[in-house]
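Take a look at this single chain, the form predicted on its own, given in C-alpha cells.
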C-alpha cells in the first residue's frame, strides 16, 4: 500500500524524460504545493528503459530525503511502433549528458544508483487511485499509454481519478511532429482517445500555450551562476535542445512544454482556458493524432457536450520567472 500524508496536492507524474520532462519533474519535486506520490515512465521521447533511467537520475540530482518510487510502464504504444526523438533530446533523452566527460576524462554523469520499483505502472496507478478515490491528480507529460492501459484493466478507475492534467495536443495551432499532430498524441493516438473519452475531468495543455512557455539560455545561465550539482545539470541537459532551437528557429533557448503542465497543476491562474468537446483522430492518413476541438462560438450540434478544458493562453513572462525561481539553486 502507498501511504498518503501532508496537505499538498497528491499527484502521479507519468512521463518519458525528455529534457523538458526533466525540468518539469524538478519543478514538481521542488514545489511545496505538490506531493509526488509516484513517477511512472512510458516510451515516448526515448525508450522505456532510458526514460526510467532518466527519471531515476533526476531524483538523484534533486536529492530528496524521501524520493517517490519510479515505476516502469508501457514499452510500446497500444497499436503502433515507437517514434524516437533523438534529434531534439539527444541519444539519451537528456541532451547527451551521459556522454559528457570531465577534465580527467571521466564521465560527468554516472548511472543512477537507485533502482525502479519491480512493478508495472498501469497496475500501480490503479492501486494508488483506488486506495484514495477522488484525491489523486495525474499529470501526464508523455504519450498516454500507461493511463489507457490502466483504464482498460479497471474501467471503474475513471470514477476515482480527481483530474488529469495532460501536456498534449494542438487545438488552434499546427502540430509539431506533423502539420496536424502534437508529438505525445501522435505517438499513441488510440491511448489519447481512450483517456479523453473516459469521463475523467481533463485539462489539456497543448501547443497553443506551450510554444510560448519558453526558457532562454541567457535567463538560465544568469539563474544558475551558483555552483551546485543541480545548476550544472540544468546547464548541461538543456544545451543540446537549446542549440536545436537556435539552429531551427533562431531562438537561443527552448520551449519547456511539460513544465507548463506541472505549473498549471501548481497554479491554474498561469493559463487561460476554454471548455470544449475534443476527439483524437486515430485513422487519418495525414491527420493521425490530431486533436480536434470544437472551439466554435455557436451551437455545437452533433459534436457533443464539452468533455475537456483546453489551455489557450499563458502568462509566459510569469511562467519563466516562476520556473527559474523553483528549479534553480540561487
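Numbering follows the first chain given and starts at 1. Fair warning: this is a prediction, and the values are worked out from it, not measured in the lab.
The next section is about a form of this same protein that is not shown, the form predicted together with alpha-D-ribofuranose (RIB).
Asker: So if I measure heavy atom distances to alpha-D-ribofuranose (RIB) in the predicted bound form, which of the stretches 27 to 35, 60 to 68, 257 to 265, 47 to 55 falls within 4.5 Å?
Answerer: Contact-bearing stretch, as computed: 257 to 265.
Asker: Spell out, yes or no, whether the shortest heavy atom distance between residue 148 and alpha-D-ribofuranose (RIB) in the predicted bound form is within 4.5 Å.
Answerer: Answer no; every heavy atom of residue 148 is more than 4.5 Å from alpha-D-ribofuranose (RIB) in the predicted bound form.
Asker: Even though the partner isn't displayed, in the predicted bound form is residue 237 close enough to alpha-D-ribofuranose (RIB), meaning a heavy atom within 4.5 Å?
Answerer: Contact check for residue 237: no, nothing within 4.5 Å of alpha-D-ribofuranose (RIB) in the predicted bound form.
Asker: Taking heavy atoms and a 4.5 Å cut-off, does residue 74 contact alpha-D-ribofuranose (RIB) in the predicted bound form?
Answerer: So residue 74 does not count as contacting alpha-D-ribofuranose (RIB).
Asker: Given that alpha-D-ribofuranose (RIB) is not shown alongside this chain, does residue 207 nevertheless sit within 4.5 Å of it in the predicted bound form, heavy atom to heavy atom?
Answerer: Yes, contact at 4.5 Å.
Asker: Exactly one of 167, 125, 213, 191 has a non-hydrogen atom within 4.5 Å of alpha-D-ribofuranose (RIB) in the predicted bound form; which residue is it?
Answerer: Of the candidates 167, 125, 213, 191, 167 is the one lying within 4.5 Å of alpha-D-ribofuranose (RIB) in the predicted bound form.
Asker: Ok, 195, 138, 141, 94: which has a heavy atom sitting within 4.5 Å of alpha-D-ribofuranose (RIB) in the predicted bound form?
Answerer: By the 4.5 Å heavy-atom cutoff, the listed residue in contact is 141.
Asker: If we check alpha-D-ribofuranose (RIB) in the predicted bound form, which of the residues in 13 to 27 reach within 4.5 angstroms of it by a non-hydrogen atom?
Answerer: Those in contact are 16, 20, 21.
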